[in-house]
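So this first bit is one chain, no partners, the form predicted on its own, shown in structure tokens.
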């Protein structure tokens, strides 16, 4: 890990912080703006720039980002901990315990500020048994001892680096995951650009006009229901929000379904007018209840930016997550996501990423050769002597654990043609079925529950079979996003959305071509580093657009 480690810590309000170097020297003590200036000078100085260490990005990098600071390299203790043990819990006492080889469940109980709490000795930071004194978790102690709090972070960072060094690619993934947490802080602060007038028109179209009071809200809701109920004379008492009533209604119309989920109803859209009307109603109802006027007022600021919380790890295989609808915005509302005046959106979507990742992590040379084509599935179809839909089904079935049914014969062909890829997936499934955790290509522990009946164990095996691919894909994606983040900085462009395998960049119009080129070059550089220059090709659909909805033909 290049560069010296400098710890950054802030009080709970984010108003006052310190920077501490290894050895305990305090390099800065002041406001977020003052620390940001010191950090900028340190990164611009000759020689190897430092790597900034913090307990978690939200509390340390957040104040710096809000002060306008831009950092390049960091180490996030919470994200490194999640890599080491899996899951999402990264409380500081657990982070300390794991880094020091202690049982995290044996950590002393935290103070609850109850009247009968035993008062901890504030002068003892590390207990004789090696655990962190619970008092160090209290905001008042951290505020009064910021320098010592930062120095503790440096101790943990060195321990984590040593632990991750025992895992191939572990330290590099720790740096990448730390950077992803920093990017999440920026995504939370900057927000996604929204064309508010257009978004208001779209909400009105699907959810109805903004109600003046509760009575009007009920009337709008009744009007929305009428589009379905008018097709059901004599059955106006049906509650469209009751799945059991809707299922029984559909069965009475000859539509035999076990449940009323949209994907089960879609094949019946044209069999009866009610089915199509119900599916359309559901889309409008979802917008009205989840992405309606309250959502707009609560999450889109006066500056026209949609903001919500971002996390670098979902607690499972390691995918990024976001709130406020940023990861689940309905397609009908996407025209409302638009570049500001004088800007464009650069949208890049990875193509067939999980099978390409499988080619890297399994080291299967035949499967790697298939990635040379823009359409991997077409190449696989030729190699397996199958039609393209059957070949695609086989690849997805292999990664998601569907080993019987229509894909069975195609999977047998995959076994013969891509033995190393299939063996890699089977090994991950077998570990899960045995109740053993799996480790991703980048070194993330993905824990599983032990025990259960045979059906449960098989379900766990299907999860771990996919987790080793999905987790590695998340690692590649974050490496790409971070590489693009740094490359876009000189162009005054910024990443504004990370959606599974898709990047959305907000860039000045005069730099549109340069920003698009930077995103493409970042993919190539990140994939080369992440894969160790494996002979696997990654592709992205790259477009310069004005509105997010223009990304799809």
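Positions refer to the first chain, counted from 1. On a predicted model such as this, the values are computed, not experimentally measured, just so you know. The term rigid core refers to the maximal set of C-alpha atoms that superpose within 1.5 Å between the two forms.
Omitted here: the form predicted together with the DNA. The next part is about that form.
K.L.:
At 4.5 Å by heavy atoms, is each residue in 242, 466 and 500 next to the DNA in the model of the complex?
P.N.:
Yes: each residue has a heavy atom within 4.5 Å of the partner.
K.L.:
Does residue 136 reach the DNA in the model of the complex if we count a contact as any heavy atom within 4.5 Å?
P.N.:
No, no contact at 4.5 Å.
K.L.:
Is residue 371 part of the interface with the DNA in the model of the complex - any heavy atom within 4.5 Å?
P.N.:
Although the DNA is absent here, residue 371 would stay clear of it in the model of the complex, with no heavy atoms inside 4.5 Å.
K.L.:
I'd like to know whether residue 314 contacts the DNA in the model of the complex, with contact meaning heavy atoms within 4.5 angstroms.
P.N.:
Taking the distances in the model of the complex, the answer for residue 314 is yes, it comes within 4.5 Å of the DNA.
K.L.:
Though only this chain appears here, would residue 227 touch the DNA in the model of the complex if you measure heavy atom gaps against 4.5 Å?
P.N.:
The answer is no: residue 227 has no heavy atom within 4.5 Å of the DNA.
K.L.:
Since exactly one of 352, 142, 92, 470 fits, which has a heavy atom within 4.5 Å of the DNA in the model of the complex?
P.N.:
Partner contact (heavy atom, 4.5 Å) among the options: 470.
K.L.:
Taking the DNA in the model of the complex as the reference, which of 204, 379, 289, 271 has a non-hydrogen atom within 4.5 Å?
P.N.:
Only one option qualifies, and that one is 289.
K.L.:
Name the stretch: of 289-297, 190-198, 100-108, 207-215, exactly one has residues whose heavy atoms fall within 4.5 Å of the DNA in the model of the complex.
P.N.:
Looking at the other structure, the answer is 289-297.
K.L.:
Heavy atoms within 4.5 Å of the DNA in the model of the complex is the criterion; list the residues of 259-278 that meet it.
P.N.:
Read in sequence order, the residues that approach the DNA (within 4.5 Å, in the model of the complex) are 259, 260, 261, 262.
K.L.:
Please say whether, between the shown form and the other one, the C-alpha of residue 286 moves by 2 Å or more once the core is aligned.
P.N.:
No; that C-alpha moves by less than 2 Å between the shown form and the other one.
K.L.:
State yes or no: after fitting on the rigid core, is the Cα displacement of residue 374 between the shown form and the other one at least 2 Å?
P.N.:
No.
K.L.:
Inspect the rigid-core superposition and answer whether the C-alpha of residue 269 shifts by 2 angstroms or more between the shown form and the other one.
P.N.:
The answer is yes; the displacement is at least 2 Å.
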